[in-house]
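First comes one chain, alone, set out as structure tokens in the form predicted on its own.
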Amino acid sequence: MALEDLRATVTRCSRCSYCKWIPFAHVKSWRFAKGCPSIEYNKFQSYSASGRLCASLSLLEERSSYFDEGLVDIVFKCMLDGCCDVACKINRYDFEPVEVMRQMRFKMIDNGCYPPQDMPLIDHLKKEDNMMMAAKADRANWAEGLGVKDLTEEKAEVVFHVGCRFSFDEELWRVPRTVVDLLNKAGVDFGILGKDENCCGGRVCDMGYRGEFIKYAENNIDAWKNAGVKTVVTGCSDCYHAFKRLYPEEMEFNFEVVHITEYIERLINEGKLKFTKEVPMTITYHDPCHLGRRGEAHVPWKGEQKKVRGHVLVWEPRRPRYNGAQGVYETPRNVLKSIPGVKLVEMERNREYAWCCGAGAGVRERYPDFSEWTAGERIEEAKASGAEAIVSACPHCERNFMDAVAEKNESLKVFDILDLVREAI
């Protein structure tokens, strides 16, 4: 797909502004009614989905240039969290604002237009296979002393893909180490790729660097095939989105992809993991965007767009509709509810209408002030729920919340779901 293929979306947007809010039927208060952090932070129409559709149409019709002043900021100052996409499809059904924004980024970068902050990140990615500014040789340091199987030397049907953030963020090492402990307790035959594990490529794809994404997708698939892998388990929502949605869109992909919360629920239901302790705590759950509304599985489709009576656009056969409803929402909540002593309370914006953590699509690295503000808004919503802790299932969300809590000197605790699972077993 290319930007030119999305002309129907960019020409038919009615500028209704629905993309700026969560769907009106789900609004519970004025304070937490907004859905798009970009427009709420920047307070200018161009930073909304509809504004970006205007910009893309102007580019398609050559009324503006990729080098126009301010366009880089407008195009890239967005987490691609997808809340606008969900709201738009409730109102207009078949529009694709997130896909338009992705394709606009691809075109911008193809034309040499990108935020200058990207240069050290992409250079490091090319040299060390991560954007964490860490050495590739240190990627498996988190697993030191665990004796986990190395799939570059042995084979297993299950690979635990740790991801860049969990691999290099020492404060979060407890989470992948807990995964290893739980899978061992359940008798799962699994392994890791250790220092030879590559970035998933999902984040760099959202940032607009499609070529780098393809390279890492091909490398990961080859590594899994060589190791005899059938199931890929990950605790990172960015990795999950990349493997579940992006890889099958671009190439042949025959692996089962499971988020660690899904795998843990499976093991609990099979009786292989049992809780023995209470964890008395009131918590609220934050839905990661790439596990929730952007975590829907790819559905293969081939067809064409036609006009009925020269006016109404239809797709034959009917095209898959990604509206966020089929993301991973209930599984993390089921795991939390099964932990003795845990009381789960919901924030006003939840599931496919959740407010983003602020870390997605390179925004944390490109625009740290915007990223921190977005996380702070979610922290305020978590506090308003009455929870003493915010729990998520993505290291990028957790890191952004941890930093926001520290900056604001808040007492709210930040946990990964597996922190609570570990405490209860």
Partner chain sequence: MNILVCMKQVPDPQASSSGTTVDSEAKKVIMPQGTPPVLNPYDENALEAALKIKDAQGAKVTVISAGKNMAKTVLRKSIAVGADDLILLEDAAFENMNSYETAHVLVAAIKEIGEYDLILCGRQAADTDAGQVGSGIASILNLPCVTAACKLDISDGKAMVQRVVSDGFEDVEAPLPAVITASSEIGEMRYPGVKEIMAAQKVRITSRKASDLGVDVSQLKKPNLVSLDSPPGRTTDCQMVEAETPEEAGADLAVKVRESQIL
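Predicted model, so just to flag it, every value in this text is computed and none were measured. Positions refer to the first chain, counted from 1.
Keep in mind that the form predicted in complex with the partner chain is not shown, yet the notes after this line are about it.
A heavy atom within 4.5 Å of the partner chain in the predicted bound form is found for one listed residue only; from P97, G208, G324, P332, this is G208. Checked against the partner chain in the predicted bound form, the candidates E154, E218, E249, D196 yield a single residue with a heavy atom inside 4.5 Å, and that residue is E218. In the predicted bound form, no heavy atom of F255 sits within 4.5 Å of the partner chain. Among heavy atoms of A135, none comes within 4.5 Å of the partner chain in the predicted bound form. Using a 4.5 angstroms threshold between heavy atoms, R174 stays clear of the partner chain in the predicted bound form. Under a 4.5 angstroms non-hydrogen atom cutoff, the partner chain in the predicted bound form lacks V345 among its neighbouring residues. You can rule out all but one of 81-89, 335-343, 144-152, 103-111: in the predicted bound form, only 103-111 has residues with a heavy atom within 4.5 Å of the partner chain. For the marked spot (A2, M119 and I214), a heavy atom within 4.5 Å of the partner chain in the predicted bound form is present in each of the three residues.
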